[in-house]
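Next up is one chain by itself, shown in structure tokens, the form predicted alone.
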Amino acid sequence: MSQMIMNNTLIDSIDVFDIIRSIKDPEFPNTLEELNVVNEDLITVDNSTENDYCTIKIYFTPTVPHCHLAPTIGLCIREKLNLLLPKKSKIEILIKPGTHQTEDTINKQVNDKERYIAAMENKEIKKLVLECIEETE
């Protein structure tokens, strides 16, 4: 999917999964789908919210319980969705409960708008995220 989903189209979990499935893992030469980090069953979309907002909740599973790049994976998911989804989307990205040692801390980091912006202002982090979300055909 290379173009933004239009504002007047309802988004579903399949659309969201199609956007994030091809993100490359920052550590392995595989996609998040291939590593079973993301799964369509762990994505919910609610189009019934007020003001035409779409609420998206994504759980992801780090490859190991102590994965030090879990925050980066969350940033990659958020950045790709921010680029391709309408601005009126509320996105919550969470680590699947019980799959990481510091899931609460990482969930706060990934879902804090100021922390996300600060992370993406770091040139090295931004470069890594952009490499991971780059579409290759």
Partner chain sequence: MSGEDKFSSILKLTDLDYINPSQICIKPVEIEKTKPNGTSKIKIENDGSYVEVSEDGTEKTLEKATITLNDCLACSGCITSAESVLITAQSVQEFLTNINGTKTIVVTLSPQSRASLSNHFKLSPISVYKKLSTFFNQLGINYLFDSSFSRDFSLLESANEFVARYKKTIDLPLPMLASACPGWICYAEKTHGDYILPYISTTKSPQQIMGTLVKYYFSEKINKKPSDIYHVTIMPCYDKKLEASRNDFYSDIFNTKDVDCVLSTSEILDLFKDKEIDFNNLAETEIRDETFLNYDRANDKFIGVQGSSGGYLEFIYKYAAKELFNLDIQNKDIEYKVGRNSDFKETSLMVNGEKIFTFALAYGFRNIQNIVRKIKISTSTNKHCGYDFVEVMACPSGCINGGGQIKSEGGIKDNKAFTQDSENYYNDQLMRDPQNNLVVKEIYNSWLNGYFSQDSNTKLHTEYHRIEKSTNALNIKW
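Bear in mind that the values here come from a model prediction, so they are computed numbers and not experimental data. Residue numbers count along the first chain shown, from 1.
One more form of this protein, predicted together with its partner chain, exists but is not displayed; see below.
Not displayed here, its partner chain is kept clear of residue 39 by more than 4.5 Å at the level of heavy atoms in the model of the complex. Heavy atoms of residue 72 reach within 4.5 Å of its partner chain in the model of the complex, making it an interface residue. The closest non-hydrogen atom of residue 122 lies within 4.5 Å of its partner chain in the model of the complex. By the criterion of a heavy atom within 4.5 Å, residue 65 is counted among the residues contacting its partner chain in the model of the complex. For the candidate set 47, 99, 109, 44, a heavy atom within 4.5 Å of its partner chain in the model of the complex is found for exactly one residue, namely 109.
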